[in-house]
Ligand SMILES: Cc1ncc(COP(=O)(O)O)c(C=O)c1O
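Just the one chain here, laid out as structure tokens, in the form predicted on its own.
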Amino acid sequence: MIYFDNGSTSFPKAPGVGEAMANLLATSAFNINRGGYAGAYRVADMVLDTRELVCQLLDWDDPKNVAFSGNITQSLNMLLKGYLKKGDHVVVSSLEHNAVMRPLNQLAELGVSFDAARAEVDGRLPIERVEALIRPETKMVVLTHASNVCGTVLPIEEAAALCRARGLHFVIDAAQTAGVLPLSMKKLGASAIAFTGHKGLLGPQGIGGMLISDDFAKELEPLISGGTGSVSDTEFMPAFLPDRFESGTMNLPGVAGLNAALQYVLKTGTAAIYEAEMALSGRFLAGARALPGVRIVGVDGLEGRVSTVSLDFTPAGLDNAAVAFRLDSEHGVMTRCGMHCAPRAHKTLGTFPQGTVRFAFGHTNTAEEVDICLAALTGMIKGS
């Protein structure tokens, strides 16, 4: 079994993740903010510790600014739908995931407008194209940190500076980069960084969140309201963080798993994880260049990318879906084929409607696994 689908979800998870989740369920399955007893307080301490670990990763001081959700899609929906109103305008890139584009298209039906700054065919985005789309009614810029299709990194530092100069909110989709690339909430001055636990953070599915600035939080209406276990004498949502954005029972086993994963990522170091993944990407890219007729989608090199690599086999006369199926069924190599929930990105990259086969390497993959995959692809190209 060779797993190259880490862009979808990481596997294997960080050491200790499963044990932490099982231990909570077996010994401490108590709700926080709802029980006045020692067991509930211990779980609350674990949740607070997890917020502090997120702050350590994303360079922030106050754990109350970390609000957990079920996944990054929920976080992005809260950030977009909780703030934008009729007449507001948003600038995004043409590489955004549907976690951004579908909420924006829903909001468009309510009078919110958006424009997408078109990236180059390799995924690079000149910041001037973002700036050119800013209008008087623009309220927010939303960018993915790295494309989930081709791995190209977008210029979030330049975008952050632009937003600070123009007085705009800046929201970062860090689904593909949290735990892999350095992110500093302080240096960027972003309004929010949305993250998910199950990709680069090496945690379980079903837990994500957002790191949100105090100023932006004051302007944001909760998308979901209900019980928080705090100020229970009122029928109105708390004004303070993180309770304002954490209604209902939290996925506490997921938080426990995320806690273990964050400890591992921080101990290992994001730089070491990135270096290992990029070594594998470089090996794979070198082999992919030798495949006749196969197109490398995105940046053909290691600079300005993460370890997600997409290949288009249609110029070589092969169907992408058939390639992915054969890799799995004949060689045990797991990839992801298709649109990757980002049709606008594929249109930008010139891979719509055929899509691509995506290879996303994790730091525990090996050079031998990469070579096995390349040998399999070479055989397919030669017709064997």
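A residue's number is simply how far along the shown sequence it sits, counting from 1. These numbers come from a predicted model, not from an experiment.
In what follows, reference is made to the form predicted in complex with the ligand, a form of this protein that is not presented.
The single contact residue among Thr73, Ser94, Thr228, Thr138, judged by any heavy atom lying within 4.5 Å of the ligand in the model of the complex, is Thr73. Only one of the listed residues (Ser191, Asn259, Gln176, Ser307) places a non-hydrogen atom within 4.5 angstroms of the ligand in the model of the complex, and that residue is Gln176. Looking at Asn148, you'd find a heavy atom of it within 4.5 angstroms of the ligand in the model of the complex. For Ala99, a non-hydrogen atom is located within 4.5 Å of the ligand in the model of the complex, even though that partner is not displayed.
Taking non-hydrogen atoms only, Thr144 approaches the ligand to within 4.5 angstroms in the model of the complex. Here the chain stands by itself, but in the model of the complex one stretch of 80-88, 232-240, 298-306, 167-175, 167-175, has heavy atoms within 4.5 Å of the ligand. Contact residues in stretch 190-211 (any heavy atom within 4.5 Å of the ligand, taken in the model of the complex) are Thr196, His198, Lys199.
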